[in-house]
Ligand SMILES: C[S@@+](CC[C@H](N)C(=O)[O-])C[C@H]1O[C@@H](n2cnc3c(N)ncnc32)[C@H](O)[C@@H]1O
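Next comes just one chain, in C-alpha cells: the form predicted on its own.
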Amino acid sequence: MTHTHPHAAHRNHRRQDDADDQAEILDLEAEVLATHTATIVGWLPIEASPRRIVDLGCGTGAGTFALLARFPEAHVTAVDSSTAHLQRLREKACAEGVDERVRTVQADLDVSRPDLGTPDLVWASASMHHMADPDRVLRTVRDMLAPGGLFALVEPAGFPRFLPENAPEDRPDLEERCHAVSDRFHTERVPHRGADWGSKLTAAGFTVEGERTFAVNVEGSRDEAVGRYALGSLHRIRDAVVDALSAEDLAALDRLLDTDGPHGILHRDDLAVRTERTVWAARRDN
C-alpha cells in the first residue's frame, strides 16, 4: 500500500486545481476568440489543402478544432505537455464526432523529440515563447515538415485587457497597473515572450512568406463567456502580482474578483476582450 503524506496530497490537489483552472480558461478563450482564430487560419497562404497537421502546444484544442473545420480532409496530431489538456481535447473531439481525425501526443519539446510524422502544416499558437530553447524547436519543426510545408507561428501581444479605460471607478487604471507588474514578472520567467520571431524563423532555415498582426476587440456586453474569461484571467494575474500591488489596488482587484459582490466583474456590462495576435507564415522550401 502506498502512503501519501498529507502535505504531498495537498500539493497534488492544488496542482490539479491549477490544471483545471487553466483548462477552463483555455476553453473560454477558444470560445471567445473562435471567429478570430478562424480568420487567422483563413489568412494562411495554403497552396494545397493539408492532409497532415501538427498542433504544437495545443492546450485544450482551440487551434486543433479551427484547423479541422477549415480543412475537412485533414488529420491533426495535437501535442502538449499537459495530460489534463489533452484529455479535455480528446473529450471535445469525441463530443464533436471528430475523434477519428485527432491523435494526441503528450510530450515536452524541450526534453524530447516525439515522432510526429511529416506534416504539411504545423501550427503553434502562444506556445513557442514558453520553450526553453525555441531556436532548437524551430529547427526541429523545419526538419519534420514535408518539403513545401508551412509553419504557422501565432504569438499574442501579452495578456488581454477587459476593462474600459479609467475603470474601476474607485481605482482608475487598475488593470494597467496589474499588467505592468505582471509583465515584469513574466519577463523574468518567460524571456522569449516578444521575441523577433521573423528573424528566428529565417535563421532556422524557413522562408517567411507573410507576417500580419490581427487586432482583437470582442465586445462582451451580451456574452457571458467574456465575463467568465475575464474573471479567470484576472485571477491568474492576481497570483503573479499579489506581492507587488499596493494594498489599495489589491483590495480593488479583489472586489472585481468577488463573484457575489456588487462590484464584481461578472456584474459589469462594459467588458471587452482587447489584444493583438501576430502570425508568421513560414515555408520549408526543400
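Each residue number is its position in the shown sequence, starting from 1. All values derive from a computational prediction rather than experimental measurement.
Absent from the display: the form predicted together with the ligand. The rest refers to it.
Does residue 230 reach the ligand in the predicted complex if we count a contact as any heavy atom within 4.5 Å? Close contact is absent here: in the predicted complex, residue 230 is far from the ligand, nothing within 4.5 Å, heavy atoms only.
The ligand contact at residue 85 in the predicted complex, heavy atom, 4.5 Å: So residue 85 counts as contacting the ligand.
Though only this chain appears here, would residue 101 touch the ligand in the predicted complex if you measure heavy atom gaps against 4.5 Å? Looking in the predicted complex, residue contacts with the ligand do not include residue 101, since no heavy atom lies within 4.5 Å.
Answer with yes or no whether residue 196 is in contact with the ligand in the predicted complex, where contact means some heavy atom within 4.5 Å. Taking the distances in the predicted complex, the answer for residue 196 is no, it never comes within 4.5 Å of the ligand.
The ligand in the predicted complex reached by all of 139, 202 and 205, non-hydrogen atom within 4.5 Å: No residue of the spot touches the ligand in the predicted complex.
Heavy atom within 4.5 Å of the ligand in the predicted complex: which of 74, 131, 167, 146? For this set of options, the contacting one is 131.
Looking at 32, 40, 253, 26, which is the one with a non-hydrogen atom within 4.5 Å of the ligand in the predicted complex? The residue in contact is 26.
For the chain seen here without its partner, which of 206-214, 187-195, 75-83, 172-180 has a heavy atom within 4.5 Å of the ligand in the predicted complex? Residues of 75-83 come within 4.5 Å of the partner.
In sequence order, which positions of 100-128 have a non-hydrogen atom within 4.5 Å of the ligand in the predicted complex? In sequence order, 107, 108, 109, 110, 125, 126, 127 come within 4.5 Å of the partner.
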